[in-house]
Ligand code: NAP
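The chain below stands alone, shown as C-alpha coordinates; this is the form predicted alone.
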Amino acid sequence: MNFTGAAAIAGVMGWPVGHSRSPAIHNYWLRKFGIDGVYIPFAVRPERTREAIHALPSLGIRGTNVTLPHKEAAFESVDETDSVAARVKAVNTVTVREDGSLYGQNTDAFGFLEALKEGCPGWRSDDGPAVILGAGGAARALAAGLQDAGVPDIRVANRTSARAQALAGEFGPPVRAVRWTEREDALAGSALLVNATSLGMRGKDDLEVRLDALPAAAVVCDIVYTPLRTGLLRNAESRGNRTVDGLGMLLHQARPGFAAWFGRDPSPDQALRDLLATGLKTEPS
(Lines give C-alpha, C1' and ligand atoms only; values in the text may rest on other atoms or scores of the structure.)
Protein backbone atom coordinates (compact mmCIF):
# COMPACT_ATOMS: atom_id res chain seq x y z
CA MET A 1 0.00 0.00 0.00
CA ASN A 2 1.53 3.33 -1.10
CA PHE A 3 0.37 6.75 0.06
CA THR A 4 1.96 10.13 0.76
CA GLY A 5 1.62 12.88 3.34
CA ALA A 6 -1.12 14.35 1.16
CA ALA A 7 -3.17 11.17 1.26
CA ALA A 8 -6.94 11.26 1.62
CA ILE A 9 -7.80 9.50 4.88
CA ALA A 10 -10.96 7.65 5.90
CA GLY A 11 -11.69 4.68 8.11
CA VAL A 12 -14.12 2.67 10.17
CA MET A 13 -15.05 3.13 13.83
CA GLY A 14 -16.10 0.22 16.00
CA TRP A 15 -15.56 -1.50 19.35
CA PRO A 16 -14.13 -3.96 18.68
CA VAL A 17 -13.18 -3.17 15.11
CA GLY A 18 -10.73 -5.91 14.17
CA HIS A 19 -13.48 -8.03 12.59
CA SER A 20 -14.43 -5.35 10.05
CA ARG A 21 -13.95 -6.19 6.36
CA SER A 22 -14.17 -2.51 5.40
CA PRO A 23 -10.38 -1.91 5.36
CA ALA A 24 -9.92 -4.78 2.90
CA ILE A 25 -12.68 -3.43 0.65
CA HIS A 26 -11.66 0.23 0.59
CA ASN A 27 -7.92 -0.35 0.38
CA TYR A 28 -8.51 -2.76 -2.53
CA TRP A 29 -10.33 0.03 -4.38
CA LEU A 30 -7.65 2.57 -3.49
CA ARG A 31 -5.00 0.31 -5.02
CA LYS A 32 -7.16 -0.48 -8.03
CA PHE A 33 -7.70 3.19 -8.90
CA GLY A 34 -4.20 4.32 -7.91
CA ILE A 35 -5.59 6.86 -5.44
CA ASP A 36 -3.29 8.53 -2.93
CA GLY A 37 -5.31 7.51 0.09
CA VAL A 38 -5.60 5.14 3.02
CA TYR A 39 -8.48 3.59 4.95
CA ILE A 40 -7.78 2.53 8.52
CA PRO A 41 -9.65 1.01 11.51
CA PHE A 42 -10.38 3.20 14.53
CA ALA A 43 -10.99 1.32 17.78
CA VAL A 44 -13.33 3.73 19.61
CA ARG A 45 -14.82 3.00 23.00
CA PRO A 46 -18.61 3.45 23.09
CA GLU A 47 -18.43 6.36 25.52
CA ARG A 48 -16.08 8.24 23.13
CA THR A 49 -18.13 7.91 19.95
CA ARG A 50 -19.42 11.48 19.78
CA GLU A 51 -16.01 12.89 20.63
CA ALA A 52 -14.30 10.77 17.97
CA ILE A 53 -16.78 11.72 15.24
CA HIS A 54 -16.54 15.42 16.07
CA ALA A 55 -12.74 15.20 15.85
CA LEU A 56 -12.79 14.12 12.19
CA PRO A 57 -12.67 17.63 10.66
CA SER A 58 -9.83 18.76 12.93
CA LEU A 59 -7.77 15.70 12.02
CA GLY A 60 -8.26 16.17 8.30
CA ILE A 61 -10.11 12.87 7.97
CA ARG A 62 -12.64 12.85 5.16
CA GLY A 63 -15.07 10.47 6.79
CA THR A 64 -15.67 7.17 8.45
CA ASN A 65 -17.83 4.12 8.36
CA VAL A 66 -19.48 3.24 11.65
CA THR A 67 -20.07 -0.28 12.87
CA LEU A 68 -21.39 -1.77 16.10
CA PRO A 69 -21.99 -0.46 18.68
CA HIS A 70 -21.76 3.12 17.42
CA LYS A 71 -24.47 3.51 14.77
CA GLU A 72 -27.13 5.07 16.99
CA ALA A 73 -24.60 7.39 18.68
CA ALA A 74 -23.34 8.43 15.23
CA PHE A 75 -26.89 9.36 14.26
CA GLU A 76 -27.03 11.68 17.27
CA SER A 77 -23.58 13.16 16.49
CA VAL A 78 -23.92 14.39 12.89
CA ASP A 79 -25.38 17.65 11.62
CA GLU A 80 -27.60 16.21 8.90
CA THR A 81 -28.68 12.77 7.68
CA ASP A 82 -30.21 11.17 4.62
CA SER A 83 -33.82 10.02 4.66
CA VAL A 84 -33.06 6.37 5.42
CA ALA A 85 -30.87 7.21 8.42
CA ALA A 86 -33.57 9.57 9.67
CA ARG A 87 -36.13 6.75 9.71
CA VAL A 88 -33.80 4.03 10.95
CA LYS A 89 -32.15 6.38 13.49
CA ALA A 90 -28.76 4.85 12.77
CA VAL A 91 -25.80 6.02 10.70
CA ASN A 92 -23.12 3.80 9.16
CA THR A 93 -21.36 6.37 6.96
CA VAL A 94 -20.14 9.84 7.98
CA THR A 95 -18.73 12.40 5.54
CA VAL A 96 -16.96 15.62 6.48
CA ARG A 97 -18.21 18.37 4.20
CA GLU A 98 -16.07 21.25 2.96
CA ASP A 99 -17.46 23.55 5.65
CA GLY A 100 -16.57 21.01 8.36
CA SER A 101 -20.14 19.87 8.98
CA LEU A 102 -20.91 16.17 9.33
CA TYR A 103 -23.29 14.34 7.02
CA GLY A 104 -24.59 10.93 8.05
CA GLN A 105 -25.98 8.20 5.82
CA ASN A 106 -27.36 4.74 6.28
CA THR A 107 -26.23 2.87 3.18
CA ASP A 108 -27.58 -0.57 4.10
CA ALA A 109 -30.75 -0.14 2.04
CA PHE A 110 -28.75 1.03 -0.99
CA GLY A 111 -26.33 -1.86 -0.59
CA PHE A 112 -29.10 -4.42 -0.30
CA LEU A 113 -31.04 -3.18 -3.32
CA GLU A 114 -27.92 -2.95 -5.48
CA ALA A 115 -26.91 -6.48 -4.48
CA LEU A 116 -30.43 -7.71 -5.23
CA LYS A 117 -30.40 -6.11 -8.68
CA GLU A 118 -26.95 -7.50 -9.39
CA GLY A 119 -27.78 -11.01 -8.20
CA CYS A 120 -31.25 -11.13 -9.79
CA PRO A 121 -31.27 -8.68 -12.71
CA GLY A 122 -34.93 -9.38 -13.50
CA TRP A 123 -36.19 -8.50 -10.03
CA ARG A 124 -38.77 -5.72 -9.89
CA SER A 125 -40.12 -3.98 -6.82
CA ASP A 126 -43.67 -4.50 -8.04
CA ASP A 127 -43.26 -8.28 -8.45
CA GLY A 128 -45.13 -8.83 -5.20
CA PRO A 129 -44.90 -8.83 -1.40
CA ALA A 130 -41.65 -9.06 0.53
CA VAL A 131 -41.13 -10.92 3.80
CA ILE A 132 -38.42 -9.68 6.17
CA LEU A 133 -37.34 -11.88 9.05
CA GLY A 134 -36.02 -9.67 11.85
CA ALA A 135 -36.75 -6.21 13.21
CA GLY A 136 -33.31 -4.94 14.25
CA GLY A 137 -31.21 -2.22 12.65
CA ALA A 138 -30.58 -4.08 9.40
CA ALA A 139 -34.23 -5.07 9.04
CA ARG A 140 -35.30 -1.46 9.60
CA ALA A 141 -32.96 -0.26 6.86
CA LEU A 142 -34.18 -2.91 4.44
CA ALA A 143 -37.81 -2.09 5.19
CA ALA A 144 -37.09 1.57 4.44
CA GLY A 145 -35.35 0.68 1.19
CA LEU A 146 -38.09 -1.65 0.00
CA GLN A 147 -40.73 0.88 0.99
CA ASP A 148 -38.97 3.60 -1.02
CA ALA A 149 -38.57 1.18 -3.96
CA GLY A 150 -42.34 0.68 -4.11
CA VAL A 151 -42.76 -2.88 -2.87
CA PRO A 152 -46.55 -3.17 -2.40
CA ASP A 153 -46.63 -5.27 0.79
CA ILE A 154 -43.79 -5.67 3.30
CA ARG A 155 -44.38 -8.32 5.96
CA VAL A 156 -42.06 -8.19 8.98
CA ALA A 157 -41.76 -11.11 11.38
CA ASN A 158 -39.58 -11.05 14.47
CA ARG A 159 -39.10 -13.42 17.37
CA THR A 160 -40.11 -10.57 19.68
CA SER A 161 -43.43 -9.52 18.16
CA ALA A 162 -43.43 -6.12 19.85
CA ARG A 163 -40.37 -5.05 17.85
CA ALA A 164 -42.01 -5.97 14.56
CA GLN A 165 -45.16 -4.13 15.58
CA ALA A 166 -43.14 -1.06 16.58
CA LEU A 167 -41.33 -1.07 13.22
CA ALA A 168 -44.60 -1.32 11.31
CA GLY A 169 -46.11 1.43 13.43
CA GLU A 170 -43.21 3.78 12.74
CA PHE A 171 -42.93 3.12 9.01
CA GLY A 172 -46.61 2.75 8.17
CA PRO A 173 -48.10 1.00 5.11
CA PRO A 174 -47.14 -1.06 3.24
CA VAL A 175 -45.01 -2.32 6.17
CA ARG A 176 -46.96 -4.58 8.51
CA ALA A 177 -46.10 -6.98 11.30
CA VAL A 178 -46.82 -10.70 11.30
CA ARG A 179 -46.30 -13.06 14.21
CA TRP A 180 -43.13 -15.15 14.26
CA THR A 181 -45.31 -18.24 14.52
CA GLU A 182 -46.98 -17.16 11.26
CA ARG A 183 -43.75 -16.48 9.35
CA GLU A 184 -44.15 -19.53 7.11
CA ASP A 185 -47.77 -18.70 6.25
CA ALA A 186 -46.63 -15.17 5.38
CA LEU A 187 -44.49 -16.59 2.55
CA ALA A 188 -47.59 -17.42 0.51
CA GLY A 189 -47.75 -15.21 -2.58
CA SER A 190 -44.51 -13.40 -1.74
CA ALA A 191 -41.87 -12.46 -4.32
CA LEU A 192 -38.98 -11.84 -1.93
CA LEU A 193 -37.79 -13.37 1.35
CA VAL A 194 -34.97 -11.76 3.32
CA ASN A 195 -33.29 -13.04 6.46
CA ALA A 196 -32.20 -9.92 8.33
CA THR A 197 -31.44 -11.73 11.60
CA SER A 198 -28.19 -13.29 12.81
CA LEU A 199 -29.81 -16.74 12.74
CA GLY A 200 -27.82 -19.04 10.48
CA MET A 201 -24.59 -17.16 11.10
CA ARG A 202 -21.57 -19.21 12.09
CA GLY A 203 -21.74 -19.75 15.84
CA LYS A 204 -25.44 -18.77 16.07
CA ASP A 205 -28.62 -20.84 16.14
CA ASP A 206 -30.03 -22.06 12.83
CA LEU A 207 -32.84 -20.19 11.15
CA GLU A 208 -35.87 -22.45 11.25
CA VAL A 209 -38.31 -21.68 8.47
CA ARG A 210 -40.04 -24.09 6.08
CA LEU A 211 -40.30 -22.78 2.54
CA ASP A 212 -43.27 -24.90 1.44
CA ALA A 213 -45.53 -21.87 0.89
CA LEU A 214 -42.88 -19.80 -0.92
CA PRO A 215 -43.58 -19.43 -4.67
CA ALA A 216 -40.96 -20.97 -6.95
CA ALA A 217 -40.40 -17.60 -8.62
CA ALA A 218 -39.54 -15.83 -5.35
CA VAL A 219 -36.03 -14.54 -4.62
CA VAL A 220 -34.41 -15.51 -1.30
CA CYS A 221 -31.75 -13.27 0.26
CA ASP A 222 -29.66 -13.66 3.40
CA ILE A 223 -27.67 -10.74 4.77
CA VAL A 224 -25.50 -13.23 6.70
CA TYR A 225 -22.15 -13.81 4.95
CA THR A 226 -20.43 -16.14 7.43
CA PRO A 227 -21.02 -18.65 5.94
CA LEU A 228 -21.77 -17.40 2.46
CA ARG A 229 -24.10 -20.31 1.70
CA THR A 230 -26.37 -20.37 4.71
CA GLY A 231 -28.88 -23.11 5.42
CA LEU A 232 -31.66 -20.82 4.17
CA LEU A 233 -29.94 -20.28 0.82
CA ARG A 234 -29.15 -23.96 0.41
CA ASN A 235 -32.77 -24.89 1.09
CA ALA A 236 -34.03 -22.26 -1.33
CA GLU A 237 -31.64 -23.38 -4.07
CA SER A 238 -32.70 -27.01 -3.63
CA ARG A 239 -36.28 -26.09 -4.50
CA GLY A 240 -35.31 -23.86 -7.45
CA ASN A 241 -35.54 -20.37 -5.97
CA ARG A 242 -33.04 -17.73 -7.02
CA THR A 243 -30.78 -16.64 -4.16
CA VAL A 244 -28.56 -13.72 -3.17
CA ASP A 245 -25.93 -14.06 -0.44
CA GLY A 246 -24.86 -11.38 2.03
CA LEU A 247 -21.51 -10.51 0.47
CA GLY A 248 -23.03 -8.36 -2.26
CA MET A 249 -24.76 -6.13 0.28
CA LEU A 250 -21.50 -5.76 2.21
CA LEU A 251 -19.70 -4.63 -0.94
CA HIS A 252 -22.36 -2.30 -2.32
CA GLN A 253 -23.07 -0.55 0.98
CA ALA A 254 -19.42 0.58 0.95
CA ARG A 255 -19.73 2.41 -2.37
CA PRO A 256 -21.38 5.71 -1.26
CA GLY A 257 -18.71 6.35 1.35
CA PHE A 258 -15.85 5.60 -1.02
CA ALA A 259 -17.38 7.91 -3.64
CA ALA A 260 -17.77 10.73 -1.12
CA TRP A 261 -14.27 10.41 0.38
CA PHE A 262 -12.15 9.40 -2.61
CA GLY A 263 -14.09 10.68 -5.64
CA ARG A 264 -14.78 7.42 -7.45
CA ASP A 265 -17.90 5.23 -7.43
CA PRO A 266 -16.43 1.73 -7.52
CA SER A 267 -18.09 -1.31 -9.01
CA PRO A 268 -17.41 -4.45 -6.97
CA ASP A 269 -15.58 -6.93 -9.16
CA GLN A 270 -15.05 -10.67 -8.94
CA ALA A 271 -11.46 -10.29 -7.72
CA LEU A 272 -12.63 -8.35 -4.65
CA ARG A 273 -15.44 -10.78 -4.00
CA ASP A 274 -12.97 -13.68 -4.25
CA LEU A 275 -10.57 -11.90 -1.89
CA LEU A 276 -13.24 -11.51 0.77
CA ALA A 277 -14.71 -14.97 0.23
CA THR A 278 -11.28 -16.54 0.71
CA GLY A 279 -10.84 -14.66 3.96
CA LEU A 280 -14.24 -15.80 5.19
CA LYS A 281 -13.41 -19.44 4.45
CA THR A 282 -10.18 -19.30 6.47
CA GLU A 283 -11.75 -17.69 9.54
CA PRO A 284 -12.01 -19.91 12.62
CA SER A 285 -15.51 -21.17 13.31
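These numbers were taken from a predicted model, which means no experiment stands behind them. Throughout, we count residues from 1 along the sequence that is shown.
There is another form of this protein, the form predicted together with this ligand, and it is not shown here; the text below is about that form.
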> What is the one choice in 160, 101, 83, 181 with a heavy atom within 4.5 Å of this ligand in the predicted bound form?
Replying inline: 160
> Of 61, 35, 260, 250, which residue is found within 4.5 angstroms of this ligand in the predicted bound form when only non-hydrogen atoms are counted?
Replying inline: 250
> Which of these stretches, 210-218, 136-144, 116-124, 185-193, has heavy atoms within 4.5 Å of this ligand in the predicted bound form?
Replying inline: 136-144
> Is residue 223 a contact residue for this ligand in the predicted bound form, using a 4.5 Å heavy atom cut-off?
Replying inline: yes
> Is there a heavy atom of residue 149 lying 4.5 Å or less from a heavy atom of this ligand in the predicted bound form?
Replying inline: no
> Do residue 168 and this ligand come within 4.5 Å of each other in the predicted bound form, heavy atoms counted?
Replying inline: no
> So, in the predicted bound form, is residue 198 in contact with this ligand at a 4.5 angstroms heavy atom limit?
Replying inline: yes
> Using a 4.5 Å cut-off on heavy atoms, which residues of 78-114 contact this ligand in the predicted bound form?
Replying inline: 108
